[in-house]
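Consider the single chain below, provided in structure tokens and representing the form predicted alone.
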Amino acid sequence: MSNHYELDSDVIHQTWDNAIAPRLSIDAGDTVTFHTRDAANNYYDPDSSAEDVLNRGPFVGHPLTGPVYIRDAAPGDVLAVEVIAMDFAASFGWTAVRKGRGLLPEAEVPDAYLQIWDLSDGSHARMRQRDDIAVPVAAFAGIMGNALALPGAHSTMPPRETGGNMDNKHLTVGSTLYLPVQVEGALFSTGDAHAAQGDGECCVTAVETWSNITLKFDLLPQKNFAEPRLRTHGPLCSSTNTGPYYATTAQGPDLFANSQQAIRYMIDHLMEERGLSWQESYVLCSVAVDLKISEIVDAPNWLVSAFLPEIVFVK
């Protein structure tokens, strides 16, 4: 007999630390609805501006809801986390651009920028200042992860071998994430909800928002995965893969540099062909453009492509 629980976001933690006491203990087969804060920990509101980006101060960690202790979970096991349902807990989202953060070098970023998105219809993220851009919603949790065996407090920013800030846009409702367990009880937490994101999240933020996410937990004893794996519920990118794409490409011996150059070309395209500002273009790349490794076998150069689903443009 499985049980269902709810976990509010009144108490959060902002580091991975296996010494943090669990807020809830459950059995395999149970479901939990997690109420999560946005990545900026309730800092922004619908009237926020670029000035608020500058005044926010240094990043101190994503606000996470948890940890949850799964009884009988032990090191070497794998925690299977199925995304059962997800809805927004706010009618808006945000995307921030800040010098020194993201894919492109600080010198190329003109200044701080904040994009507020209207999520009120539940189906699209709409640019407040433009009526010709609407990004289809494909909600997922940017962070789902277990505690690390390594003692002490660890940043939530990078992805980890136990999950964490993976920002994998394909972990939408119906998908299952398989997370290595390193400590007794797994100590699972989640947060950093995204309404939409491109593969790469190039400006370092997606359409960030608040959410209620329901997850089902199962155990795979002694599977000993070294790092996370996942299974989607169907074809990739079903929210945007319904029309034509425009793609830019960049070649060279460095995949990171190629990714930067492909995004530069896409920004140029959006400014020249669609009339967007540099900041609007960078933001749209972050929330809708998918970076792909198109070729990595013909030395000395590899090819990265940036794919823009043109369905985001409202006719």
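Small disclaimer: the values here were computed from a predicted structure and weren't measured. Start at 1 and count along the sequence shown; that's the residue number.
What follows is about the form predicted in complex with another copy of the chain, which we do not show.
Residue heavy atoms within 4.5 Å of another copy of the chain in the model of the complex occur in exactly one stretch of 112-120, 183-191, 89-97, 196-204, and that stretch is 196-204. Taking the partner from the other structure, another copy of the chain in the model of the complex has no heavy atom within 4.5 Å of any heavy atom of Ala107. The closest non-hydrogen atom of Gln251 lies within 4.5 Å of another copy of the chain in the model of the complex.
Interface residue remark: Ile12 is not counted as part of the site for another copy of the chain in the model of the complex, having no heavy atom within 4.5 Å.
Under a 4.5 angstroms non-hydrogen atom cutoff, another copy of the chain in the model of the complex lacks His35 among its neighbouring residues. Taking another copy of the chain as it sits in the model of the complex, the stretch 273-300 comes within 4.5 angstroms of it through a non-hydrogen atom at Glu273, Arg274, Leu291, Lys292, Ile293, Ser294, Glu295, Ile296, Val297, Asp298, Ala299, Pro300.
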